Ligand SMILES: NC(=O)c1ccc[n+]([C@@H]2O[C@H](COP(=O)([O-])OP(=O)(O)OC[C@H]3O[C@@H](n4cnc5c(N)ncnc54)[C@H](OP(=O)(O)O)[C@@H]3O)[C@@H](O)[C@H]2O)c1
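Taking the form predicted on its own, here's one chain by itself in structure tokens.
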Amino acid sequence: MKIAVTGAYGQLGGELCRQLGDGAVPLDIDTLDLTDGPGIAKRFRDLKPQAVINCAAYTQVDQAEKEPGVCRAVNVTAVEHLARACRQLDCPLVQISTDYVFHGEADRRAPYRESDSPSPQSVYAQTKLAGERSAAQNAKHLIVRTCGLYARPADERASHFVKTMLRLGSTRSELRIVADQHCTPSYVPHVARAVLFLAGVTSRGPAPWGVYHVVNDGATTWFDFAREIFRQADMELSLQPITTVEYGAPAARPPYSVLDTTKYHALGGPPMPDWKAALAEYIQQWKRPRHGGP
């Protein structure tokens, strides 16, 4: 299969291309202008991909509050162009979305199902939900919501929470971490293989069109996630829990955005390991060069 992957320089896009190998057509800002509708249509007519996976997104959650127009152009208008091009080719579109589409009341403890109504708070979250609806304009669509992605240690371009914690942990003895946001950080290789399963690349055919939640199993907070990172990395730090209000980020975050993956797993796709086991896989690879391993 020939699969077009937009946002190919990002964490998930890069991993999808890695797993697809020669089947991937990597596309990013230097090879495809997602704001150019006619240009997208022509490019895809020439490529004739069997599917398009859109990993391109404006993901600077706080900066989006200052430049909503730029955020909307990437997260909504570009998806409209992609959906139109895919519709013309009768080609499936896989749109990557986020747990942030849910409001996540502080007292909620039931993971969100695909059938639950989104209620996004921030500009970023609102545009991602609008992007989902744009993708759905193409009848053959899969919308995959995920959370807190962190790529392989070998992905030097990637910027994510685990890498940041390990970097700060090597220079500081104390950190303050938000402890009142519940979610499920997810390891990119696991998410990527699930996406390829849903798209029909590694299965007998694509999943029924619609929305799917794909995250590692279980739930945690950023504070507990950081604590587990340092435990597995054999790093001793003093961690101080703080609230979202104390952190003071410009954009609102959902206090609870754990996603239910029952719908995905009912299809028999590759299992999504528990978040601690997923982190252990990352840390094991991270430790190898430090100890002279392969």
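Treat the numbers as computed from the prediction; the structure is a model and nothing was measured. All residue numbers are counted from 1 along the displayed sequence.
The discussion below concerns the form predicted in complex with the ligand, not included here.
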| Pick from I143, L149, A83, A194: which residue has any heavy atom within 4.5 angstroms of the ligand in the model of the complex? | L149
| task | May I ask you to choose, among V74, A130, V178, A219, the residue with a heavy atom within 4.5 Å of the ligand in the model of the complex? | result | V74
| request: Verify the flagged residues A4, P92 and N138 against the ligand in the model of the complex: is each one within 4.5 Å by a non-hydrogen atom? | output: no
| note | In contact with the ligand in the model of the complex (heavy atoms, 4.5 Å), from 105 to 113, 121 to 129, 205 to 213, 162 to 170, is stretch 121 to 129
| request: Report whether the minimum heavy atom distance between T262 and the ligand in the model of the complex is within 4.5 Å. | output: no
| Are any of the heavy atoms in A56 no more than 4.5 Å from a heavy atom of the ligand in the model of the complex? | yes
| said: Using a 4.5 angstroms cut-off on non-hydrogen atoms, would M272 count as touching the ligand in the model of the complex? | reply: no
| query | Do A278 and the ligand share at least one heavy atom pair within 4.5 Å in the model of the complex? | reply | no
| Neighbours of the ligand in the model of the complex among 17 to 33 [non-hydrogen atom within 4.5 angstroms] | D28, I29, L32, D33
